[in-house]
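To begin, one chain is listed below as structure tokens, in the form predicted alone.
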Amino acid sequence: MNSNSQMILQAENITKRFGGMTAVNNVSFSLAKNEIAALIGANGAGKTTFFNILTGNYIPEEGAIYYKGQDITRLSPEIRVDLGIMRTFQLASTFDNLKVIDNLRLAYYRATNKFSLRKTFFSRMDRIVSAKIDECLETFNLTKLADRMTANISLGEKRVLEIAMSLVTDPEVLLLDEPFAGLSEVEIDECLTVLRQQVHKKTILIVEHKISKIQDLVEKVGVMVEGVMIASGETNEVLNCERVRKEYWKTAE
């Protein structure tokens, strides 16, 4: 592996096959500390498969994943979370039968394992943890929803809550899988406002179908077409390169 102290997450020469189909073909991509990046491509481009390799849901046939220089290629998703790599899903994974504030408490408990579930919900929580939850509610503009049942909030509010649940545990890397899927333009703007608060504070990778929503947010872009990373680098430079203009813009819906 090429050593680079600033690179926090690196994928090198990743190949993943399903039967006779090569879903990801010799792909390399890296994230610098506190960088916000995007992985874009049309449906079937291989970006979701690559994302699932980064998160540990798939193991590649070839190549390696490094986190802070450590080979994590074969580590489980759970161990990656313990190391500081958190992901969200395309479908909001909140608990509808809990209040908003209890979703945050549970997320913190699950990630830190510092408190028993009974203590978390039924006893006086540690003051530091309570302060962290309150701060998180305020940061993500969820204070007014704190005591509302999650089933009764909008999809956009659930997506913001999910991002808050990921960040309350203070991960070093946050991987977002199509966070704007199914959202209205207003809800997308709300999520973008939340993400902009994390600029230069967290390392974030957003997997997205189209770049238009996040072009002014991300510093780096990787473009996948038919399992191949055809370009990666500084956002405007990549989006204006000839191959991307020819192959990505042609295939994007």
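Just so it is clear, the model here is predicted, and its values are computed rather than measured. Numbering starts at 1 and follows the sequence shown.
Keep in mind the form predicted in complex with a small molecule is missing from the figure; the text below concerns it.
- Looking at the small molecule in the predicted complex, residues Met21, Thr48 and Tyr58 each place a heavy atom within 4.5 Å of it.
- Only one of the listed residues (Asn43, Gln70, Gln197, Ser28) places a non-hydrogen atom within 4.5 angstroms of the small molecule in the predicted complex, and that residue is Asn43.
- With the partner omitted here, the residue from Lys213, Lys220, Lys202, His209 that has a non-hydrogen atom within 4.5 angstroms of the small molecule in the predicted complex is His209.
- Proximity of Asp102 to the small molecule in the predicted complex: non-hydrogen atoms within 4.5 Å are absent; the residue sits far from the partner.
- Residue contact check for Glu178: one or more of its heavy atoms lie within 4.5 Å of the small molecule in the predicted complex.
- Of the candidate stretches 62-70, 180-188, 48-56, 30-38, only 48-56 has residues whose heavy atoms lie within 4.5 Å of the small molecule in the predicted complex.
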